[in-house]
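We begin with a single chain expressed as structure tokens, specifically the form predicted on its own.
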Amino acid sequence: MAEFQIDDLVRALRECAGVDESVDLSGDILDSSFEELGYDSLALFNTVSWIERERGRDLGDDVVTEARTPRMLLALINKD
């Protein structure tokens, strides 16, 4: 399966949790915290659930608490 990229993650965030108009998701956000980007744990939970359905893969319950930044979440999604 193709690697999940930042553009895929931004699309998932927009579809599942919306976008805070004060945040530019088109910039370099890889190391920004999800909190800085305006996403709380519920938004991340919804996004991770969407990614699991799209990828047909269980990412585990800890992903939402472990991944503090988009880079960390992408690493967990693309692991193995």
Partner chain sequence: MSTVVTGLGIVAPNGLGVEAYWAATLAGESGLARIGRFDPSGYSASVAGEVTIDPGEYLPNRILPQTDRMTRLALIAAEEALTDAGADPGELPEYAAGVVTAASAGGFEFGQKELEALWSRGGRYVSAYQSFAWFYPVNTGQISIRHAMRGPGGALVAEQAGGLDAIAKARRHVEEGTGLMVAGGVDGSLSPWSWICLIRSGTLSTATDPGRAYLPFDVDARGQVPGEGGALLVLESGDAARRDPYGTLAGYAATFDPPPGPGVEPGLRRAIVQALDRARVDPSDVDVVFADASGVGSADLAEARALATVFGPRGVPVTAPKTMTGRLAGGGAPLDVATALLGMRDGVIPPTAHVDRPAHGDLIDLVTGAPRERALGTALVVARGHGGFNSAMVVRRN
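Positions refer to the first chain, counted from 1. All values derive from a computational prediction rather than experimental measurement.
FYI, the form predicted together with its partner chain isn't displayed, but the following is about it.
Student: Considering only heavy atoms, tell me if residue 29 and its partner chain come within 4.5 Å of each other in the predicted complex.
Tutor: No, residue 29 sits far enough from its partner chain in the predicted complex that none of its heavy atoms falls within 4.5 Å.
Student: Would you please decide whether residue 36 lies within 4.5 angstroms of its partner chain in the predicted complex, comparing each non-hydrogen atom pair?
Tutor: Although its partner chain is absent here, residue 36 would stay clear of it in the predicted complex, with no heavy atoms inside 4.5 Å.
Student: With a cut-off of 4.5 Å between heavy atoms, is residue 64 one of the residues that contacts its partner chain in the predicted complex?
Tutor: Residue 64: no contact with its partner chain in the predicted complex.
Student: Should residue 17 be counted as a contact of its partner chain in the predicted complex, where contact means heavy atoms within 4.5 Å?
Tutor: Within the cut-off, so yes.
Student: For the three residues 1, 24 and 71, verify that every one has a non-hydrogen atom within 4.5 Å of its partner chain in the predicted complex; reply yes or no.
Tutor: Judged in the predicted complex, none of 1, 24 and 71 sits within 4.5 Å of its partner chain.
Student: Can you name the residues of 32 to 46 that have a non-hydrogen atom within 4.5 angstroms of its partner chain in the predicted complex?
Tutor: Contacting residues: 38, 39, 40, 42, 43, 45, 46.
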